[in-house]
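One chain comes next, on its own, written as structure tokens: the form predicted alone.
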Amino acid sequence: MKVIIKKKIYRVISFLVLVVVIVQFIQPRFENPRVTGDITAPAEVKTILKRACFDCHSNETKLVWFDRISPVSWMVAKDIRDGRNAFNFSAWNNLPAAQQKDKFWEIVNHALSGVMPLKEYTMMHPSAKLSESDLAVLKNYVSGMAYTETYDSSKATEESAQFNQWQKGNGIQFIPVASNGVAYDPDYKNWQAISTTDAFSNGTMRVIFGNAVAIRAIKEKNTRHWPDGTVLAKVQWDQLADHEGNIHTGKFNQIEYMVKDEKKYASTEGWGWARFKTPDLVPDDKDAMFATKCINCHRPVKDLDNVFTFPIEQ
């Protein structure tokens, strides 16, 4: 009996070894395209970025030996592809200056919240872990980009003109719809505010609203997997300073929606994404990859159902 068991174990082990050997011949193609534009930052900042971010978010990926072992290599290739699609330091100059600033704020916020670098990556690449001193360096650098709010009469004039236009009823005459079917929903103004964010880098303020389904999910602590029918709306305004220096919402800039429907939006992690810009609410989906870019940005919080928003306790 023991001999038979040993033979079976030997066969299983032999089979597994054979499978491991065979899959080594099925390797993804790793390429480092040409670097077209590097990020400009102080040496200490760039050193941290190169160590913690560049392997997935640049064309300067450096693989270690175990990154090339299948099936690990397949996961590594996917992470690199997703990382470069989210943002690529090697093509940084393709972004306008304002977007570079916004993107860097986003990068540092991801780092401070602990969602980047990915934990599964740092487990195998411990040198990529960000220390408290690393985070302090990044935070100090990005704080230097902060938008300094001062009274701006032109902003006040724009805000007043926009308000007067709405008061006269010269708003939109139809409901705009994004190419993926997500429609502008004017009822968000009656929804409950669940969180706020500030983009200190560009002088804007955002309030996140949730529809009734979202509010019920929050009350039931069901936000690790938001139910179908959830709609989150993030509204962005200019920051407006009055003569006393008080900050409040100014001119409306845009509204973004996340609509949960597991089946309809299965290709983008169960969420439909849309952005409507300016008071004319123009759908921002000229780029066919718009929704893909959204989910790539949110993918670091996949364990939180791709939602960055931490709802205020109800």
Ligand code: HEC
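Residue indices: 1-based, along the sequence shown. Note that the structure is predicted; figures quoted are calculated from it, not measured.
This next part talks about the form predicted together with the ligand, which is not shown.
Remark: none of the three candidate residues (191, 238 and 281) comes within 4.5 Å of the ligand in the predicted complex, counting heavy atoms only. The contact with the ligand in the predicted complex, taken as any heavy atom within 4.5 Å, belongs to 107 out of 91, 107, 217, 142. When contacts are judged by a 4.5 Å heavy atom cut-off, residue 87 counts as touching the ligand in the predicted complex. At the 4.5 Å threshold, heavy atoms of residue 293 reach the ligand in the predicted complex.
With a 4.5 Å cutoff on heavy atoms, residue 121 counts as touching the ligand in the predicted complex. Though the partner is left out of this view, residue 256 does reach within 4.5 Å of the ligand in the predicted complex, counting heavy atoms only. Scanning 37 to 56 for heavy atoms within 4.5 Å of the ligand in the predicted complex gives 52, 53, 56 in sequence order. The distance between the CA atoms of residue 135 and residue 223 is at least 3 Å shorter in the predicted complex than in the form shown here.
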